[in-house]
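Given next, in structure tokens, is a single chain: the form predicted alone.
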């Protein structure tokens, strides 16, 4: 089984119905480690050695966060700044993360239609996530499309449960070493993969 590390970053988690549903679904899945950065580091003093050891111990990493100002909450940005050190994560000697898979699991208040060239935000979610993709490339990691729950301000209970179930199915699929993760790159969103081939979530 593949090991999965969810780096969860939400400064107002207690107010987030959508992320609570996603986290609840992820909790208890074998080989999945849910690592809540704001709970671990309320003072923002990140234990670099601990974080690097966690990365080494897992094959797949997920940046799970709300999409704040087209990016991530500040603690996750600080995590990227201090944990992914030169000559550890990148650089001539920085090969520790080479070959590991990584992607973003995000929630956006705006709907998919808002994240288009003609929409209110002028760019797609995937375009706005380019800095994360390039960070992964610099660390020689394999970047996958995002899992994105959009339009959270108007999401229905049924839609929320469908998305939470999809997240659980995705984690279950990824954790199975028999499943080829390269096929996931063919999708715009990982949600799309689950919709097109629901049996892959089992």
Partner chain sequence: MGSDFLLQALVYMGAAILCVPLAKKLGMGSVLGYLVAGILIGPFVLGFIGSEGDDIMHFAEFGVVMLLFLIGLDLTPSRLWELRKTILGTGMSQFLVTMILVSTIAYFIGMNWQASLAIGMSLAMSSTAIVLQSLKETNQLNTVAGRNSFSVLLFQDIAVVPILAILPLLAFSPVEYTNGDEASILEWMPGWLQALSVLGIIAAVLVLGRFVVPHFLKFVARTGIRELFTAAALLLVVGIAFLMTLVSLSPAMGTFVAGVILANSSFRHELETDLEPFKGLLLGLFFMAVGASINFNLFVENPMSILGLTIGIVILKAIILLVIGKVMKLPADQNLIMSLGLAQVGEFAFVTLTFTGQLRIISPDETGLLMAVIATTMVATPLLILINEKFILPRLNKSKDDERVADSIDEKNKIIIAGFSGFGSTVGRFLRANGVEATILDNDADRVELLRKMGFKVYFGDVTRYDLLHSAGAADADILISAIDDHPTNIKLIETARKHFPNLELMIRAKNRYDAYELMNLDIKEIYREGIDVSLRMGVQVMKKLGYRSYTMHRSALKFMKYDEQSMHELYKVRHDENKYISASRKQIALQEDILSNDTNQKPNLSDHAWDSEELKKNTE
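Numbering follows the first chain given and starts at 1. Treat the numbers as computed from the prediction; the structure is a model and nothing was measured.
Although it is not shown, the form predicted in complex with the partner chain is what the next lines describe.
The stretch in contact with the partner chain in the predicted bound form, judged by heavy atoms within 4.5 Å, is 44 to 52, chosen from 60 to 68, 44 to 52, 24 to 32, 145 to 153. Of the candidates 126, 95, 78, 116, 78 is the one whose heavy atoms come within 4.5 Å of the partner chain in the predicted bound form; the others do not. Taking non-hydrogen atoms only, residue 101 never approaches the partner chain to within 4.5 angstroms in the predicted bound form. Not displayed here, the partner chain is approached by residue 90 to within 4.5 Å at the level of heavy atoms in the predicted bound form. The shortest heavy atom separation between residue 82 and the partner chain in the predicted bound form is within 4.5 Å.
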